[in-house]
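Read the single chain below, which is given as C-alpha cells and is the form predicted on its own.
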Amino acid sequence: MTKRIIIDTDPGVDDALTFLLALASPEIKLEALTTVQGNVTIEKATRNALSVLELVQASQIPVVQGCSHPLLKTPHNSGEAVHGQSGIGKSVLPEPTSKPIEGHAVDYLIERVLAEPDELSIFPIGPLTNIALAIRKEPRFAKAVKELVIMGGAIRSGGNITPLAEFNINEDPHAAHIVFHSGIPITLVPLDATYKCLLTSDDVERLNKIDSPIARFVRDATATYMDFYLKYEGFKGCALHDPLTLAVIFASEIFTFEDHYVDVDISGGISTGKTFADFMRVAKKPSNIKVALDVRGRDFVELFLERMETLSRSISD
C-alpha cells in the first residue's frame, strides 16, 4: 500500500536526496514539502525545495514556506560549511519557475492533517519548529496526524554539532521537547543509524555511468558535503542521514528498532539539545518513541543507488 507523506525539510544536500528517493520509490506518494530554517535560511530552503522538484520534473508538488527561526534560541544556520553556500553543494540549478503556495507551513500542515485524519505521515528531516507550532496552535493536530518519522538525535552516538547533540534537535530543542511529548506515534532515526549509511565517491562514480541530470546532480550536490566529511571525519563519502528515514517505509527489515522513553535536554547547559533514552527504565515512564538504534547500512546504500539509477534512466536532458 502506498504511504502518503509530507516532508518537513531544510534543504540541505541530504534533504534534496530524500526528495529524489521519495519520487523514485513506488511505495511512497510525496504530497508536499514544507520548509523550515535549519541547514540554511528559510529563503534558501524554499528555493532549494522548488529547484530540486523542478529538476526531477515534479514541480506540481506543493512547497510551503515555514518558520524562519527556532522557538527560543538563535538559529545556527551552519549550512555553508557542510552543504555549500547555496545549501546544495556545487550543484547549479536555475531559479525555479514555480512558486511556493500562499500561506504558512504550520497552517498548511494543520489544514491537510485535519482534512484527512490518520491518513498523512509527516517526515521531519530538519528542526522541529513547524511541527511543534502545529501541535501548539491546533490541539486536534496531534491526534489527527498518522505518525512522525523524524531524522534527528544521537542516543548512544556522539553529536555532530556539539559533542553531545545532533544538529536538527539542537537547532530547536524546545520544539523537539514539545514534539516528543505530544502523544503522536514517533519513529526516530538518529545518528546511531544514519552514520552507518555512507555514500562513497565510488558509489557516485557508479551512478554517473548513466548520463542524466539526476546522476550529475547527486555528484555535484554531494561534492562539498564529501569534502567536509573528508576534512573533519577522515573518509571519502557522506552519510545519507535524511534519506534513511524513507527506508522505514520500504525496507523496515534493515533496522533494529527499540521502544524507549526518549527526551531532550532543554536545561541550557552543555548538554542542551542532547536526546537520551531511558534504557534502564529508571524514570518509570512509558515508551514514547520507536528508535532506530542500528541499521544494515550498506544494504540501504545499495537500495538508494538502485533507485537513483532507475530515476536517472527515466529523466534525460
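All residue numbers are counted from 1 along the displayed sequence. Since this is a predicted model, take the numbers as computed values, not measurements.
There is also a form predicted together with a small molecule; it is not shown, and the following applies to it.
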Interface check vs the small molecule in the predicted bound form: of Leu191, Ile135, Leu199, Ala221, the one with a heavy atom inside 4.5 Å is Leu191
Heavy atom within 4.5 Å of the small molecule in the predicted bound form, from candidates Ile122, Val113, Met151, Ala105, belongs to Met151
Checklist line | 4.5 angstroms heavy atom contact with the small molecule in the predicted bound form for Phe167 | finding: yes
Original post:
Looking in the predicted bound form, any heavy atom of Thr34 within 4.5 Å of the small molecule?
Top reply: no
Please determine whether Asn48 contacts the small molecule in the predicted bound form, using a 4.5 Å cut-off between heavy atoms.
no
Under a 4.5 Å heavy atom criterion, is Ser86 part of the interface with the small molecule in the predicted bound form? no
Within 4.5 Å of the small molecule in the predicted bound form, heavy atom basis, the matching stretch of 239 to 247, 177 to 185, 210 to 218, 137 to 145 is 239 to 247
